[in-house]
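Before any questions on binding or motion, here is one chain by itself as structure tokens, the form predicted alone.
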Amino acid sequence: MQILGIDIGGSGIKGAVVDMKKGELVGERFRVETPHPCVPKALMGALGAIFEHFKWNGLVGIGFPGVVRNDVIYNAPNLDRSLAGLKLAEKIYKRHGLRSSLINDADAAGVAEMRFGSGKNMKGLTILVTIGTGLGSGVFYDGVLIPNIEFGHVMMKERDTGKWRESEKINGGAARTKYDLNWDDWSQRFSDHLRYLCSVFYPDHIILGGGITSKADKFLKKLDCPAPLSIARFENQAGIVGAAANARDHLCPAK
């Protein structure tokens, strides 16, 4: 079975066909620029370009950077406020005749890892932390997703100023660049985030994902975390694969 997976990001919207038996992409990804402002009409146009590129007439899974409830966008903090309340799956069906299902983008990455990657067969409480511009999170218990948990937005005290700010603003990937942090200094900051998660949830496993994990050799051994750490198998393909897997779960009747 093949499903078109789409990962909506702040700068680009990427799509690829996914082989659902293997959890692998079939062919190359196709990318379009994320429109700015990303109002509903512009977003629909970008998605339409991806459907047209693949000449697609099957199921579609979409990972979205915000809270999603029942295939309706609840918020879009990094895109545009006008997307809040958008019934995206319904609009896609009306315009293109395609059945689709939405999931938070970090949750999608987690689904990919738990189904096909580093988290396969993990039991207990597993937290996936995606390190990108900010910090995403996916939470699973015995492989079952607990959706829309945004640990990147918890308030933490900044080491240098003592001010309370969202964790992803001071400990995320963009913060490393903004504050010109070396790997030692950033690892200390990111460790604060990991220790906070462990102090509240006591996870059995933490999986680190996102593009920055391609440089794990520069920071993994520097992290101070009470829970066992592992690196995600998928890097920039995780959102696509996980979105497709979510669509299969929600759009294909169980046999």
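These figures come from a predicted structure and were not determined experimentally. Numbers follow the displayed sequence, beginning with 1.
The same protein also has a form predicted together with a small molecule, omitted here; what follows describes it.
The three marked residues, G5, V18 and G61, fail to reach the small molecule in the predicted complex, with no heavy atom of any inside 4.5 Å. Here the chain stands by itself, but in the predicted complex one stretch of 65-73, 226-234, 49-57, 186-194, 65-73, has heavy atoms within 4.5 Å of the small molecule. Interface residue among R115, K87, H153, H96 relative to the small molecule in the predicted complex, by the heavy atom within 4.5 Å criterion: H153. Residue contact check for G136: one or more of its heavy atoms lie within 4.5 Å of the small molecule in the predicted complex. By the criterion of a heavy atom within 4.5 Å, T161 is excluded from the residues contacting the small molecule in the predicted complex. For the chain shown alone, N104 is a contact residue for the small molecule in the predicted complex, at least one non-hydrogen atom being within 4.5 angstroms. The small molecule in the predicted complex is not approached by G124, whose heavy atoms all lie more than 4.5 angstroms from it.
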